[in-house]
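Coming up is one lone chain in structure tokens, specifically the form predicted on its own.
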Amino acid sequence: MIPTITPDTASLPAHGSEDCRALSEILVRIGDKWTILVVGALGAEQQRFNDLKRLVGGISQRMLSLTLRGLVRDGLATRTQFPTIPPKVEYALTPRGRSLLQPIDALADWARQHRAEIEKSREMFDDEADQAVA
């Protein structure tokens, strides 16, 4: 019998299930579409909330707030509030957050390199599935 593997039960031979669960939680955070885009936008320099919203096209105010809160909570970004009127808040990557830029860039390069092949594979798969249904 082959065991069913889920994010809650996945484990690698060299690691225990507790380690895999913790790793899974972190990967969910940094693998999220919005997190990757926000980290990329903060990669160049610190940004104000509305500037980030403009840079990250399509993100809602609520999703940006949740994403930034998660990044700050995980120690990947900082939130600095200045005592001005109106209040000024800036977000910046921490050194830990900056360390994400290289793997994100590598993943983006891989995606660009293989995009056409993946699209072709999807088309072939979909065509075969359509023929099987017909």
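Values in this document were obtained by computation on a predicted structure and should not be read as measured data. In case it trips you up, residue 1 is the first one in the sequence shown, and so on.
One more form of this protein exists, namely the form predicted together with the DNA; it is left out here, but the text below deals with it.
J.: Can we say Arg73, Pro95 and Ser99 each have a non-hydrogen atom within 4.5 Å of the DNA in the predicted bound form?
T.: Result no, not one residue of the spot touches the DNA.
J.: To verify the annotation, which of these, Ile30, Leu37, Met63, Ile104, has a non-hydrogen atom within 4.5 Å of the DNA in the predicted bound form?
T.: The residue from Ile30, Leu37, Met63, Ile104 that makes the contact is Met63.
J.: What is the one choice in Ala44, Leu55, Val89, Ala108 with a heavy atom within 4.5 Å of the DNA in the predicted bound form?
T.: Looking at Ala44, Leu55, Val89, Ala108 one by one, just Val89 meets the 4.5 Å heavy-atom criterion.
J.: Does any part of Asn50 reach within 4.5 Å of the DNA in the predicted bound form? Heavy atoms only, please.
T.: Judged by the heavy-atom cut-off of 4.5 Å, Asn50 is in contact with the DNA in the predicted bound form.
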